[in-house]
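One chain comes next, on its own, written out as structure tokens in the form predicted alone.
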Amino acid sequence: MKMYVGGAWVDSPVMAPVISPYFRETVDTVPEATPDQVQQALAAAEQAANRMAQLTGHERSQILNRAADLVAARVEDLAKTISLEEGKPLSESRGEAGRMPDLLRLCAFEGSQLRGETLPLDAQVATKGKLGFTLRVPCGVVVAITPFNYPLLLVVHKIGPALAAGNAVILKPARQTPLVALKLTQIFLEAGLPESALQCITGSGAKLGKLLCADSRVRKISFTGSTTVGEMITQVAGVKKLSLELGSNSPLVVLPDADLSAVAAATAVGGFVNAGQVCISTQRVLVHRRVYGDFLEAVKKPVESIKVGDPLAEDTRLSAMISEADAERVGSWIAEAVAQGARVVTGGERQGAIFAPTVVADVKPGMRISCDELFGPAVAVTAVDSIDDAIQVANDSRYGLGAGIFTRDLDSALKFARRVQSGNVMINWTPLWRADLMPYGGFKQSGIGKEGPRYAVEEMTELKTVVFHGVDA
């Protein structure tokens, strides 16, 4: 496939393979963008931003609604592309692709609802004859840098609100998963998006990221990825608006009054969707000591029943991680925990890029499998003595993206919701849950800014104040 730069589908001197992590075969090849092509994209985006700003809200919403219709007609092709390049089971890929039409329509609506307000200037002395109001206007050029784990969903959560608000976007998808992003770019062009309003540039983030993020023509950067890379972006970006959705090690608290069979079933989902490669995947399970042994017994069977295998098989529920190296890393973290006193309840085996769904018990909060971001198919179980102890352990982290609790006690649920340091809190479910319309983002080193179309549209716009002087009224 070619990339879309400056109004044309182009190659580059170097073409890189996109390799299926499960089949270990080349799915396609894409260009490795050159510095000159980055400059071409930036120049084209600057011009396209002016054209986008002239479109009415109605015109922008029509484009996004047409794109939604085109996506709806191609869900199966998009889903298969996701499974081939990223490795997740086809059932999950269909769910990801199937959400996109409604998400695009929601973006279309929210982008058409930009509002300002009348300012009560006469509340200040000596302001007679003044009329003030605010306008929401597009940022201009937006750089969207997306990760491999949801190569369509997280792209749409960035470019949908950006385009709906009237910006031009340069999309840099993850190097491992560029194909579905390129297909989405083609869909937007078919839907009537102005030339270069969306460009998709492929290649190494380490090489291209600084060129894109440091450029003064870029007014807004939206990034999802590791905290390490997010920190690097803040260092090179300069004076720009930033939305950073970064790392996590989401805790799930289990109190003695919880239905352990329901908790176990939910953990088998929340800890292992997309092979655990989700920012809000359940990584730490903090179980009250009174039901600790019962929980370990309850969770073993549903985790062991997760069907592992070919991502294109209809009954597969867990397949390859993004690379064999990442699967090896998960294994090394688990081995390190075991050497420090933890034990494997089930799982722990690796075959190529596939790591078996794993439960690790007797984990101390200071172990790397608990305090860092694992991003793999394993949950670390730790005993706690009370709700207060659980909150303290949950908060003892540099991250704060998602958290969950299972309890039937309203006081405990409210205490957890108020005191846990997390941007998203789930009561009687695991941290792994997201409605596309809700505000989504983290505290601490899990990032800054919010996604969700209404909130992202606000992040993708600027607030302008206008004052008329000499108004005779």
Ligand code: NAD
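Note that this is a predicted model, so its numbers are computed, not measured. One rule holds for the numbers: they count along the sequence shown, beginning at 1.
A second form of this protein, the form predicted together with this ligand, is not displayed here; the remarks below concern that form.
Taking a 4.5 Å heavy atom cutoff to this ligand in the model of the complex, the contact residue among E245, E92, E85, E110 is E245. Checking G348, P302, G140, G205 for any heavy atom within 4.5 Å of this ligand in the model of the complex turns up a single hit: G205. Only one listed stretch (69 to 77, 223 to 231, 354 to 362, 161 to 169) carries heavy atoms within 4.5 Å of this ligand in the model of the complex, and that stretch is 223 to 231. Contact check at 4.5 Å (heavy atoms) against this ligand in the model of the complex: none of Y4, A44 and P178 pass. This ligand in the model of the complex comes within 4.5 Å of a heavy atom belonging to P173. In the model of the complex, this ligand lies within 4.5 Å of some heavy atom of F375. Among residues of the shown chain, P101 is not one whose heavy atoms approach this ligand to within 4.5 Å in the model of the complex. Although the partner is absent here, P194 is not a contact residue: none of its heavy atoms lies within 4.5 angstroms of this ligand in the model of the complex. Counting a residue when any of its non-hydrogen atoms is within 4.5 Å of this ligand in the model of the complex, the hits in 137 to 166 run I145, T146, P147, F148, N149, L154.
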